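So this first bit is one chain, no partners, the form predicted alone, shown in structure tokens.
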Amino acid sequence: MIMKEQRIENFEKLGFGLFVHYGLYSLLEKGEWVYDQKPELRKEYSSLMNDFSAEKFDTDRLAQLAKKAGAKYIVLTLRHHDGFSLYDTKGLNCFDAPHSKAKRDIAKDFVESCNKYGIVPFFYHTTLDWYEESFHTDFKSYQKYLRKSIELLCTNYGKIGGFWFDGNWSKPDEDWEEDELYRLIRQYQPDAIIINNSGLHQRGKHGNEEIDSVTFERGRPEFHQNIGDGKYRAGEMCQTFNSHWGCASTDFSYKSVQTILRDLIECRRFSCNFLLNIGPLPDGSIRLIEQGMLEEIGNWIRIFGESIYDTAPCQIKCFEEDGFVLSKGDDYYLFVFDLWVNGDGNVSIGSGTYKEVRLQNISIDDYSIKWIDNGEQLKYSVIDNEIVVHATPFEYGSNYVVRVAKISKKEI
């Protein structure tokens, strides 16, 4: 059995993170790729720095919002593909937040706030750069520029949870000199998780051996350990509330809380973390709808959170459409899908006293099964070497989308 490195085990235990896409592109409210998608705007793009005040990008409030939602880490876009940095580039260029109207090192504020509220800070950093000339004209020189940028982040902000890279997919035939980049990080931040997003078309692929977690951008995860090279890797799915990652004022295509909860729970089925994105408004404030949805996710986690963090797949199986089981120590957690709401047939969909959920590979005699939300003891029967759990419906006035029962040893 291949052992997990400690930093990877710690990362898996985090379970749920908040992704934050904020930068110069936010001022235009047309998504994070506006520099690439709207060529007519490029000539005057850098002048947006004069309006980039970030006056309401309150990193304390951001960390508090993440904590309330149940997120254990935040990934902030310190430099996206437009090349604008939220940190002090120390003379590498002047295309950064300290030289903008904001006149502040947002990365510094971000790390301090995360540490203050017990959130693990992660740095998103593009590897491609539409703005930097050397990216287009002298790729080897560009790699030196990129490494100098990362060295600043490694050495000026204390301990960092990890680096979330994105962009190698833009030039698949180039030498990205990944070994040198990752060696730099291991030198200064040996416990940092290294992620390099494989994009929409290479989900679950890891590439360089130093990668600690594979990615499943906007796609359901799968068992992914990628141990063919002798290394266990974590997995992470990133998802956004609507169709864009950065602020887009006319994108009304918001997912439901139900959909987001199912994504979170499906990630945990495969030991994957779930990274949920928000795109702050131009002034740095968070849309009310995104705040509200994060709070609703937090409400679910306050009830069922013990089943989300520090749990792992186990030998107990059930029919996939019914749910799945995770373990933590001597306890197990049964996630049940598609329960109905108990009530009058004129207002409730579905009927019956319980749903049958069949479990395999468990001897149930020494265990009790209880709903986490109300402590109700669930009955079960044994049929053909399977345990048939009688999963009762939601009480009228509630619907948790996915309900979790704790299977624990009976007290003697």
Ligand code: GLC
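Residue numbers here begin at 1 and follow the sequence given. Treat the numbers as computed from the prediction; the structure is a model and nothing was measured.
Quick note: we don't show the form predicted together with the named molecule, though the next part is all about it.
- Relative to the named molecule in the predicted bound form, residues F16, K72 and F123 are all farther than 4.5 Å at every heavy atom.
- The contact with the named molecule in the predicted bound form, taken as any heavy atom within 4.5 Å, belongs to W164 out of F110, W164, F84, F274.
- With the partner removed from view, the residue among S149, N197, Q189, T127 that has a non-hydrogen atom within 4.5 Å of the named molecule in the predicted bound form turns out to be N197.
- Contact between Y145 and the named molecule in the predicted bound form is not found at the 4.5 Å heavy atom cutoff.
- Interface membership of Y367, defined by any non-hydrogen atom within 4.5 Å of the named molecule in the predicted bound form, is ruled out.
- Mapping the unseen interface onto this chain, R268 falls outside it, with no heavy atom inside 4.5 Å of the named molecule in the predicted bound form.
- In the predicted bound form, none of the heavy atoms of Y232 sits within 4.5 Å of a heavy atom of the named molecule.
- You can rule out all but one of 136-144, 290-298, 237-245, 253-261: in the predicted bound form, only 237-245 has residues with a heavy atom within 4.5 Å of the named molecule.
- Heavy atoms closer than or equal to 4.5 Å to the named molecule in the predicted bound form belong, across 20-39, to the residues H21, E32, W33, ordered by sequence position.
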